[in-house]
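In structure tokens, the next block holds one chain alone, the form predicted on its own.
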Amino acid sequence: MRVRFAPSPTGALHIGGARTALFNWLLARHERGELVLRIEDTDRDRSSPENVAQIIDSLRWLELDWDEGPIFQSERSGRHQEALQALLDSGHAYHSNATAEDVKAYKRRHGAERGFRGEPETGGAVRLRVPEEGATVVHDLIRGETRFEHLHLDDPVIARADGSVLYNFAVSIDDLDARITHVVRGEDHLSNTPKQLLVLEAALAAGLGGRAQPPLYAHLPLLHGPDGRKLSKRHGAASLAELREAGYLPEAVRNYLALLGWGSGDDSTVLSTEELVARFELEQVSRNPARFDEVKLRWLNGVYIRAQPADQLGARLASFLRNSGHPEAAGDERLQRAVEISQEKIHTLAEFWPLAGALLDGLRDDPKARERWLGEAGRATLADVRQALAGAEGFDEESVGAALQAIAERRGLKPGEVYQPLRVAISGTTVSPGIFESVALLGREETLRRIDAALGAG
């Protein structure tokens, strides 16, 4: 088995494209086949080296490897011209100067349902000759058979008048030469498939390939948002790069994307990559649109974060912090402990900094938090807390907890009425990891300094 992932570098790798790449990768690994990476960069106006680099970087971040490539379609123009000439020489293609108006006039004469047929001319664009009778049948491994009657198909243009070939022709020759056995791609490409099959059949008849058959096709269901509408930017992250920047783990993204349109055979949700490879089969892919819900992805990512060994999560967070503008915190010796006391509370790597960043690089500025918790009553409680912590025999989490609980009991307060003024004093906001753990991490000297600053600010 040989499959291919063939993105166009006209933008970032979007989530639908990432799922297509993943399904091809899973299929190749499950069948012990080969995955070819082809960059379809013939749109010179919109393709760019930066987009190519971003796509390859995104695939590597998702930890999808390939066995051949990247092959750049733009570098195969010589082969495309050779194949085009072979189809012209064998009579499977012809030059035509027919305009859009000529095609409309033809249909007015022969009927709107009749496909356009031209006569060979000197110069002009190149059209593929569609057989007069019969049909092209797409045997889709997901959707079943779709029949396209030749009577209704126009002779498609496969090259411009300047000789440059069009998408459907280039893709077909590239698949033929790469010996692709299965084309797995989005449902939006289904309308291209009969044209590509016709090119492949003509190419094989003209002796361009050693294979006897064109590849099998499988068209993946579209991705929708939670509201049932086509997935777009309004539903949240639209690209793999955005998911990476938002702090998702590649293994969680792989797990979630694999479940979009594919069923594992049971109700399992959390599946390792090894399990996905072992179970993946195209026959289990649904024809119905799949719904991408970032809320569910965030939940699943949290499951993966909590399952991480703390030291591994610490290393990943250090790397994430370096890449997101907090290099000093990445090297802070307190980072590992901050990770350990935050691990149960975060769902993405990006959520760590808003939760625990104040413990590493100083107070946040939250006027509403100060107003709510550092009024007269809160400051009185905080002064009591300062005295208790200054005199505490130890300063580990247990000692800090005992001191704070004693204040709540003595003053007849709810725990939050003691913890929140202290939390605002040491972090500047009402959000932090557990208060006992946070105070112990800061240590006695820094905790008292921050409390003094809060009391002096009033």
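Counting begins at 1, following the sequence as shown. Predicted model only: the values in this text are computed from it and were never measured.
Omitted from view is the form predicted in complex with a small molecule, to which the following refers.
- Out of the listed residues 298, 386, 189, 95, 189 is the one that sits within 4.5 Å of the small molecule in the model of the complex by at least one heavy atom.
- Out of the listed residues 195, 244, 254, 185, 185 is the one that sits within 4.5 Å of the small molecule in the model of the complex by at least one heavy atom.
- When contacts are defined as a non-hydrogen atom within 4.5 Å, all of 8, 167 and 171 contact the small molecule in the model of the complex.
- Using a 4.5 Å cutoff between non-hydrogen atoms, residue 417 does not count as a contact of the small molecule in the model of the complex.
- Mapping the unseen interface onto this chain, residue 40 counts among the residues with a heavy atom inside 4.5 Å of the small molecule in the model of the complex.
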